[in-house]
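Encoded as structure tokens, the following chain is the form predicted alone, with no partner shown.
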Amino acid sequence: MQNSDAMALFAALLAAAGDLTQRIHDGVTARGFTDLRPAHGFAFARLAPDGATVTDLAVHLGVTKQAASQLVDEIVRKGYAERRPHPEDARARLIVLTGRGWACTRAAEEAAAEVVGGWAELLGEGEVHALRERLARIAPYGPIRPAW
């Protein structure tokens, strides 16, 4: 692959990711969650399965523990998450989504489905499925983090 082709692919992937992130954020805002930024969604993605410590979240987001702690303070203050005792480490606190956090996560999933539905209309279901499979082969484990 020539440098210009590689740069064109790089630019297209970043443009698609940026557009997807913005459109999900717009969809979340339209569903009433107006006090969040896209970076919060990346944090929610890590918290959603089983919760996480501030350290886990910092690693996931690619930020310092201090920055992750500030973000946690913010989403706790806004009612999207809460701190609980860690079940295995008495020194750590587990950050978990509240009902409001889960509702926001569902709103983001709905918005993402709308965006991908538009891609399917443009490209066809088979092409979207193939795209997902190919991208998963290239980067199966992420990281999924905001571009600061």
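The first residue of the sequence shown is number 1, and the count goes up from there. Predicted model only: the values in this text are computed from it and were never measured.
The same protein has a further form, the form predicted together with the DNA, not shown here; the description that follows concerns it.
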As a check of understanding, the residue in R106, R37, R100, R31 with any heavy atom within 4.5 Å of the DNA in the predicted complex should be identified as R37
Give me the residue from A67, A113, A120, V96 that has a heavy atom within 4.5 Å of the DNA in the predicted complex. A67
Check A48 for me: does it contact the DNA in the predicted complex (non-hydrogen atoms, 4.5 angstroms)? no
For the stretch 67-96, I need every residue with any heavy atom inside 4.5 Å of the DNA in the predicted complex, listed N to C. A67, S69, Q70, R83, D89, A90, R91, A92, R93
